[in-house]
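Take a look at this one chain, the form predicted on its own, written out in structure tokens.
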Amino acid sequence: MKTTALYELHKKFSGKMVTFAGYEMPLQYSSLLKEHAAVREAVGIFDVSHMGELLIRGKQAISAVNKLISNRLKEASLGLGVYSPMLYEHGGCVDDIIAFPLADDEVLLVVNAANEEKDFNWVKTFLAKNFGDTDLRVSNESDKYALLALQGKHADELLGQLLPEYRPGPPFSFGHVMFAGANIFVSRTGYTGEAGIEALIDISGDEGKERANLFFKQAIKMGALPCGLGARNTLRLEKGYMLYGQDISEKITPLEAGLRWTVKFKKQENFIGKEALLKQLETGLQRKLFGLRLQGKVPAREGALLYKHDAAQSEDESESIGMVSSGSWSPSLKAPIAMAFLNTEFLASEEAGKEAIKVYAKLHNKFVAAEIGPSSFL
């Protein structure tokens, strides 16, 4: 089992440790509700060092990444990264990643922890097959870095104290600032829906590990609350952000998951999966991702089946019209919410212009009414 450079610090702050993606990570410190509220109302800090980092180097690095991802990565001089699916030929998702063009010949990919090895092998194979006679190479730098996310409504105020040189830019902007005697990589990203940054700190030496721990401790001293994976999940769900393996996967395309905005069909490079997505558009989607607001207080979990009103008493799973992909209690809305895939045939059969479409989720052998809406709840 792997641990991050902040493992001992998590125990010191009474972190409840769980196994996630091969790492021992803090699920929570005080309580999920308190940590969730801290980010929505003030500021929290997360250790997300389990995320992976892949570095692509070579003269055609930006062009190669544009063939790997469906979104458009622009020239390095702009200082902007992009969120994007990385696709298989059939249109399903290898992963959803963030790509940062560090230089014209160097691109950093931040990938999901559970997909780190798979993504590395996928990129390495792609480069060998398509750029084998060039200088393009990919390296797995994941063990070299700690990744810390400072997030919250008042995160920028705290950043003014913690990183006086940092000037907040637009979403996905990035750069380097001094902290504790060294340059650290700072990006205007995060997965909570609030303002803030993610700091990538080199921990290849003892000084680097101490620097990462110092960043976490100083943020807390200045008012940030340490937050765990539990709050990170409820925060991202309220904003409709994807969780790989549930809301997107190798069996789910970005068009089905509501990520059409990340697919740039007209960019210069033909990206992997483009033809499959064009065909899917031509034939029509069979399912789409929506948000659900459920009645009562019981959350719908992944895999819960959905039924239309007149089939609510049916025990026949073949009559279901959708399935929950992610679900939880929403601390902000004080109600159960979920993301779910619904059959487009069912949606088309509903009355045109109907203000609210209701479905029924089967939870513990009971049927609970839910209203369909956007996947982002806030």
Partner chain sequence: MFFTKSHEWIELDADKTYTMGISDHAQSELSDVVFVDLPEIGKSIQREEQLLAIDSVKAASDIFAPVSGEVVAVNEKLRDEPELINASAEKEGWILKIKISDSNEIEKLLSKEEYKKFLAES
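As the structure is a prediction and not an experimental result, all values here were calculated from the model. Residue numbers count along the first chain shown, from 1.
Separately, the form predicted in complex with the partner chain exists; it is not shown, and the next lines address it.
- In the predicted complex, no heavy atom of V48 sits within 4.5 Å of the partner chain.
- Interface residue remark: L27 is counted as part of the site for the partner chain in the predicted complex, having a heavy atom within 4.5 Å.
- Although the partner is absent here, R260 is not a contact residue: none of its heavy atoms lies within 4.5 angstroms of the partner chain in the predicted complex.
- Interface membership of W329, defined by any non-hydrogen atom within 4.5 Å of the partner chain in the predicted complex, is confirmed.
- For the candidate set N115, N213, T234, N71, a heavy atom within 4.5 Å of the partner chain in the predicted complex is found for exactly one residue, namely T234.
- Exactly one listed residue, out of K308, R301, K217, K239, brings a non-hydrogen atom to within 4.5 Å of the partner chain in the predicted complex: R301.
- Here the chain stands by itself, but in the predicted complex one stretch of 79-87, 103-111, 290-298, 240-248, 290-298, has heavy atoms within 4.5 Å of the partner chain.
- Shown here without the partner chain, the chain has L27, Q28, S31, L32, L33 in 21-56 lying with a heavy atom within 4.5 Å of that partner in the predicted complex.
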